[in-house]
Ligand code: ADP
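For reference, the chain that follows is the form predicted on its own, supplied as structure tokens.
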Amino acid sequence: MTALKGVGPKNAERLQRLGIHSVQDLLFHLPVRYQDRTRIVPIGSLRPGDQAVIQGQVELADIRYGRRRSLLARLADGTGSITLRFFHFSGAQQSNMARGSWLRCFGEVRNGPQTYELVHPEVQRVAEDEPAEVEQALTPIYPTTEGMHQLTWRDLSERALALLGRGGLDELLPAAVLQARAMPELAAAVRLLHRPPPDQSLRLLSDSGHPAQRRLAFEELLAHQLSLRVLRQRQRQRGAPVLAGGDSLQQALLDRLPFALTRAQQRVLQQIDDDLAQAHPALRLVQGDVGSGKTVVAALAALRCVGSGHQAAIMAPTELLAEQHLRNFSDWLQPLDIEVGWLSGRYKGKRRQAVLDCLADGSLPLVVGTHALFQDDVAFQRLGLVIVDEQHRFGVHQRLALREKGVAGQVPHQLVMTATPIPRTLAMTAYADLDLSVIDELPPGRTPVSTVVIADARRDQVVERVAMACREGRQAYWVCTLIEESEALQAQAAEDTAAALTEALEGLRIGLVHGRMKAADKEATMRAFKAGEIDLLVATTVIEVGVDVPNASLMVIENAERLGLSQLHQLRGRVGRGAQQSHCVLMYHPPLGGVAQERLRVMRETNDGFEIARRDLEIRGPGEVLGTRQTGEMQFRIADLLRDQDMVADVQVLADELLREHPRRVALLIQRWIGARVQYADV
């Protein structure tokens, strides 16, 4: 950047704060909006909200004294008149407004007490017969940082565009690709976006729907897709153990299960088995709605691995979810004489060392744990399969760290699971290094959960409804939420609620679970609830995932307006796991904001996790839906995953084509748009 005239050390530092290190970065730092100063607009045609250049004669100028002193001037041009209003003004400005003066002004039209107004417009005194000199292009307004003014931005971009004229940006998309999609060349698109001619649509530019903007967004999406494809190719070039055994173990588990797999589970299991039989690493994402049966598919995949003479590791983001997996895997696999180990951050000393020793000598075939699994001192004798649950809670770095735990010269297969459905276009972009499987069918006998939204003023009615359900032999959850992230405050709220409900619901057996309880106490309470020894479980959102109690048919969520759609859907998924009709009560504290209203409306309207994920994407945007760890590695300068999702399918097709036919351009595209950030692909 310092090669540009006008960029000294101070400005270079300011530009770096915005991620601008080179002239190319500056060219990709696009205006956020534009002003039309290319023509003088008749005053009579102005409407509120218009930003326009006008020219006319001052008919009247006066200082008004009210709550605030203000200078008012009425400007007319023969088609109409408008008021200019200034709250801060100097004597020189006041003399400029003398009656009979001719002024050229730029500003935004607002409704005033009597007429339309321009408040603090830019003003230039002109001669009556002076030719109307106006801007030759729409005026760009750039995203900025402290100390950088719009005039500086226009000057810098002007210098950068001059360099562009000397071949500054290579065209990396083949001519046939541009022609087939009617796209402008990159340099032409960049030039137009910095200095749009007057005939360009301000509306299209404001909505980022202009062909030039879409051209840049398309190339950026393509670069991200390619970076993940290259990562995938590198992964595929490494060897992996061929896991083709375990048929008898899989069949033994299937024979013991009290249910048959759904068609969707069978289809996904077949895809996984086919992956594991290859000599290169499987990389598969399994999506499935709450209760669709992902865990049993993961257990069957683990049996394929163990039956082939290798070890399997199951990693979950929280201790509670990892504990649930430990219970399920132990219940299913120990009767088949397969030992299941446990490793978490809380596991210390001799107990931890004993597990590490058994993993290292190969005597422990399967281990369940948290992020503790990828710590340096964890070594496997022959790790064949890594199963990662709730992928969006981990970044690409963490997921790939486990691959180094494989046998020398080989990397383990990876199976990634999520119960947080991700809209297909988002999954195709964020997880382009993974094959995608969807368990899109719920087990038979599940009835959709009916959801009601109730203000907390009707709390007594809700308490009575809980009492009625429990007296009829069913069980219920009461979830407490707080804005604060503090576990201490969450625990306090849950304890207070449990005490109040114990008093109000005499005779009912009430349990309590929160994040500050000892693991053993939490476990004992959950087991008692599952065994039917507790009627009502009061909990914080720690029960969001991993708890399966078929007899629980009522869920009350307090302050539901404080939770996101994904979390509400996960919590609601704790009920409706048996055959009887289940209900979810979303209790809120008025008044509700617009986003909260929309979230609660979506929950009332649908139980479909993928539809909820789509609406969540619209409300919160891609970064929130995917989780910050994932999108931290996917920062876009121009593209927007929500706005530009219609391009994703085409981007995927073109990515394959470029990798096949133009490999040299692939590296240049990745370098241009991602640069140093592509290092994560080498983890």
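In case it trips you up, residue 1 is the first one in the sequence shown, and so on. Quick caveat: nothing in here was measured; it's all calculated off a predicted structure.
The protein also exists as the form predicted together with adenosine-5'-diphosphate; that form is not presented, and the subsequent description refers to it.
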Quiz prompt | Options 95-103, 518-526, 460-468, 260-268; stretch whose heavy atom lies within 4.5 Å of adenosine-5'-diphosphate in the predicted complex | solution = 260-268
Quiz item: Quick one: does Asp289 come within 4.5 Å of adenosine-5'-diphosphate in the predicted complex, counting heavy atoms only?
Solution: yes
Quiz item: How about Pro211: is it within 4.5 Å of adenosine-5'-diphosphate in the predicted complex, going by heavy atoms?
Solution: no
Quiz prompt | Arg577: touches adenosine-5'-diphosphate in the predicted complex, heavy atom cutoff 4.5 angstroms | solution = yes
Practice problem: Consider Arg191 of the chain shown here, and say whether it contacts adenosine-5'-diphosphate in the predicted complex, taking contact as heavy atoms within 4.5 Å. | Solution: no
Self-check item: Heavy atom within 4.5 Å of adenosine-5'-diphosphate in the predicted complex - the one residue of Gly532, Pro550, Pro198, Pro448 that qualifies
Solution: Pro550
Quiz item: Pick from Lys294, His514, Arg284, Lys405: which has a non-hydrogen atom within 4.5 Å of adenosine-5'-diphosphate in the predicted complex?
Solution: Lys294
Self-check item: Residues within stretch 427-466 having a non-hydrogen atom within 4.5 Å of adenosine-5'-diphosphate in the predicted complex
Solution: Pro443, Pro444, Arg446
